[in-house]
Every structure is written in structure tokens, then in C-alpha cells.
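Heads up, the chain below is alone and in the form predicted alone; it's given as C-alpha cells.
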């Protein structure tokens, strides 16, 4: 047994993941919950949390708000590319370290594309406040795929083309068939997956429009999965086209209808980014990274997260005209691409 054996599996081990799947209630039952109920039941201190979506598209922002209100300790975050979801968690750790803490991050990219890289990540990393493991988008997707398939690892050449082998738990062996080097990536099996989708039924069958961003694999690799949806539709309507179902109901443990649940990020066919709000939030983190006061960031959390009871109350803080404008912007983009 290797010295780092205890550290090797940062979520469920393959055996634990298999046991969780075998024992899971796979019946077709009503899984509708409130956000408070879902987070209280399925998110615990020390959990490995798989974050769905891609950068700031379909990020599970409503679930993140509720996790911050509840408080979290020593979370491990696993994602390929994410933006506001980990940024909000990191910001909460910066202003309320007694209430919120992240232990480790396993990722490919943390930033906001056109809005810049994550300064919260830099702040936490430079001060030694978090551990992190660097992968690539393909490698993280492959790790979730292995977890979803019930495999302890997955072979790929991906890590061999750069420094990933030096920054991760990749094992390199000689391929038994070709004799050439091949990388083995450890499966990722989060304790809980957080996913936002366009539509779901009460049993947990989900439809995703636009990029699927490995959300299906995260859901099926996780011991538990919380899904928020823009629309909660009847089972009969959702299965009209069975091929549209991206995440099947046995993978889902809680379904919560939350319109604008990825806001201020975008959700395909529903709304575009609120760039002003994203930039406002990022602008509050920047001064802290340079040794400035955190008062403005604390005030933001007090107003938008700790000062409200629900995500709906957060959305109520935006002008209706702005929400309509972001919906119209996405509708215009969809029409252009139709």
C-alpha cells in the first residue's frame, strides 16, 4: 500500500462508490424538495462536491447560495471549468472563514473567460489556504467518466503531452498491448453532484440544451445529486423524445424548480449573462487580493446571500427590466443560431 493511499481517493473510493450505487434507492419516486431540504440532507462537511456546468454557463448558483447560507467546512471542489460557483464559495471563505471553508480543489480551469481569471483562487492559493490539483478539461471529464462507469481509473494519453503528470495523481505505465507509455487517471466519485438543467420531471429525468459539460457523468459518478431546473415539467411531456434525456432519474436524489438558477451566469434558451453583476462581484474581490479592505465584499454577501431567505429573494433584487433584457438577449442568440 502506498504512503499516500489515504489521500489518493479524495471523494468516494471505487469500492465505496460501488456500494453507494448498489444500495441507492433507484425507484421512480417524487424527488421534489426545497433547496434548504436538499442541501441540508445531501451536503456535509468534508464532502467532495462535483460542480456541473461550464465556466459561467449553467452553473448551479442557486444551490451554491444555499450552501453558503447553511455554512460549509473543508469542502473538496471537483470540476473541469467553472466560474461563479467556486468564486462565490471562495469569497464566502474570504469574508466568513469561521462559517465557510474549502480544503481542496481538483480542476482544469477556474475563471470567467471574458471577465478574467479567478483572483479569489489566487488569493487562497498564494496564502496556502487551499490545496489544489491541476488537470485539463479532457482529463477531468475522463475522471468523471471513469466514476460514472464504475471504474477505478481510465487510461488516456492526455496527461503525457505536458506537465499534468507532475501536478496530479496520474500514474504512467507501459501499455500491455502496445508497450508505449499510457496515463492512468483516478476516477472521480464526488459525495454530491450539483447540477442545473433547463428541464426536469419530478423523478429526476433531465434535459440539457447546449453544451452538456460532463454533467451527466458528474451526476452518475456522485453518490448523491441535487438538480435545479428552470422548468419542472410532466413526466409524460419530458419522455416524448426519450433521446433528449441527458441525466436519467436513478442518478438524481433531489429536484428543485429554480427559475434563473444559474444567474448571473447564462442558461441556454433562457437567459444570457448579467455581465454587470459578475464584474461588480469580481471587482469587490480584487482589492482584497492587494491587501485592501474586505468590507465591501462582506456587505455584498450580507445583502445578496446572508440577508435573504431564498434564491427567489436574491432574484427579486434585480430590476425586472434587466431580467427581461437578459432573457431577450438569449432569445436573440437562439434565433440567430436556429
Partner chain sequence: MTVSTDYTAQEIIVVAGAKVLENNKIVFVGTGLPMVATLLAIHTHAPGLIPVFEAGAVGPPLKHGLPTSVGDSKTFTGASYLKGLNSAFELTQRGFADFGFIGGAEVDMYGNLNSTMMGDYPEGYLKPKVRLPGSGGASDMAASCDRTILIVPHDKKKFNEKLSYMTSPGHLDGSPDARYKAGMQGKGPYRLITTKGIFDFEEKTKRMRLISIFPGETVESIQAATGFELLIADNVTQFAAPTAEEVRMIREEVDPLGIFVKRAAK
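Nothing here was measured: the structure is a model prediction, and the numbers come from that model. Residue numbers count along the first chain shown, from 1.
Although it is not shown, the form predicted in complex with the partner chain is what the next lines describe.
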> the partner chain isn't shown here, but in the predicted bound form which of 273, 281, 311, 42 has a heavy atom within 4.5 Å of it?
Replying inline: 273
> Picking from 69 to 77, 226 to 234, 137 to 145, 87 to 95, which part of the chain touches the partner chain in the predicted bound form when contact means heavy atoms within 4.5 Å?
Replying inline: 137 to 145
> Does residue 22 reach the partner chain in the predicted bound form, with heavy atoms at most 4.5 Å apart?
Replying inline: yes
>> Can you work out whether residue 103 and the partner chain are in contact in the predicted bound form, taking contact to mean some heavy atom pair no more than 4.5 Å apart?
In response: no
> Would residue 268 count as touching the partner chain in the predicted bound form under a 4.5 Å heavy atom rule?
Replying inline: yes
>> So in the predicted bound form, is the partner chain close enough to residue 258 to count as touching (4.5 Å, heavy atoms)?
In response: no
> Considering only 176 to 215, what residues come within 4.5 Å of the partner chain in the predicted bound form, judged by heavy atoms?
Replying inline: 180, 181, 189, 205, 210, 211, 212, 213, 214
